[in-house]
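In structure tokens, the next block holds one chain alone, the form predicted on its own.
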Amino acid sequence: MLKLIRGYVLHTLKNPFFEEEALEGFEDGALLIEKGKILELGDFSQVSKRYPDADVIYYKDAFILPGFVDCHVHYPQVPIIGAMGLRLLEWLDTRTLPEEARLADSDYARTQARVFLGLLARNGTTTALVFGAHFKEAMHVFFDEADKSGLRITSGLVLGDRLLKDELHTDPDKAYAENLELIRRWHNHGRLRYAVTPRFSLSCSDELLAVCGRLLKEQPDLFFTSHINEQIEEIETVLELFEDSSDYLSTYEKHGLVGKHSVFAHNVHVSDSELGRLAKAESSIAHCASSNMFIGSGLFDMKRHLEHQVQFALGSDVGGGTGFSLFKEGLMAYQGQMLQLAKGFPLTATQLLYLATLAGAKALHLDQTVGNFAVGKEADFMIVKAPDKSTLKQTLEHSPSAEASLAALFTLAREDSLLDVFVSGESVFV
């Protein structure tokens, strides 16, 4: 059956950092959907004439945006959002790792998986690269719940064999066997994919990173994700542990972990050499602005990433980040750039929408499937409407343009502005 979704449609056609006229908008727009895919996009008056028998669903005074793509978010960390006053290593030791150890209980892990996936959907995120748990059974549970949720999820077992809580440690043989079991069960199952996930070089020996490289070599369509260059103290410790490495990136490079399917979170304190090598490898960065500010990591050097043509998109980084909303994350990214004066890159609302949607889809190699409303793509979208009497509603009533309306959404829209969220034309809003 044909569905005609009517409302104010906005999406990015291309990369607004390098191409003009990237934003396309239809104030009274229509998204025509058949069997979960986009058949046509345009003005409602024109599309409705061509398809008079389509079932019209009208979202009056609401915006229709592509589903968000979160490129870095932690499944076990919802309970520790807002752990103030701590920098990275202390934050991990006193708050994060004790909470992650609780996922050894599979019942608790299932509860947290349901909460986590529901919060993604209620914030408009339809696709995510998820940092998983350290326990195999917790990951079986997570993938099972992710499959039921309908969301597009890439995730994997988190690995570490040093400088963590003892119960979170693994060893190379165990890591290989458990990853292989999870890959065979869940990779490319429905909307699920697998990412090899060492926590970071700080917590992984060369032997464990070599296992990650072996897995990627044996199955090249797997993804890889980890952390890099987040805080100065972290980088210094990594270089002490890997005496033969010239920089943080080289600890991953020596094991074949830097490639087209690699997404690294943060990259705040990065050298020009590392940027050049990331660009050459076509790896991507998850820019987690609220987390970088909240735990004092620093401000992302967006201008240098653009100059080196390193791909980047947004990540909420819950629970170092301050919530699931990529509207909020976009605002934090904007403010972080404004604070850097000559070093920063003043962002437009169109660029924020791109970073929250199509850029993330490109990082996850899903840009032929989702990320905007190009004809033939899957119909992943959200319905956003300003709550009555809200500041957002008052602001939108005076908006002079599509760009201004989009800027108001990134500044003011949050969880309470989401009416519904769809993946392949089916609601995932819970």
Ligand code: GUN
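Residue positions are given as counts along the sequence shown, with the first one as 1. Small disclaimer: the values here were computed from a predicted structure and weren't measured.
What comes next is about the form predicted together with the ligand, which does not appear here.
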Work out which of N179, Q77, N123, Q351 lies within 4.5 Å of the ligand in the predicted complex, going by heavy atoms. Q77
Among I295, I153, L331, L168, which has at least one heavy atom within 4.5 Å of the ligand in the predicted complex? I295
H287 near the ligand in the predicted complex, any heavy atom under 4.5 Å? no
Do F327 and the ligand come within 4.5 Å of each other in the predicted complex, heavy atoms counted? no
Even though the partner isn't displayed, in the predicted complex is W91 close enough to the ligand, meaning a heavy atom within 4.5 Å? yes
Please tell me whether any heavy atom belonging to S291 falls inside 4.5 Å of a heavy atom of the ligand, as the geometry stands in the predicted complex. yes
Answer among 142-150, 224-232, 334-342, 188-196 for heavy atoms within 4.5 Å of the ligand in the predicted complex: the stretch 224-232
Which of the residues spanning 316-346 lie within 4.5 Å of the ligand in the predicted complex, based on heavy atoms? D317
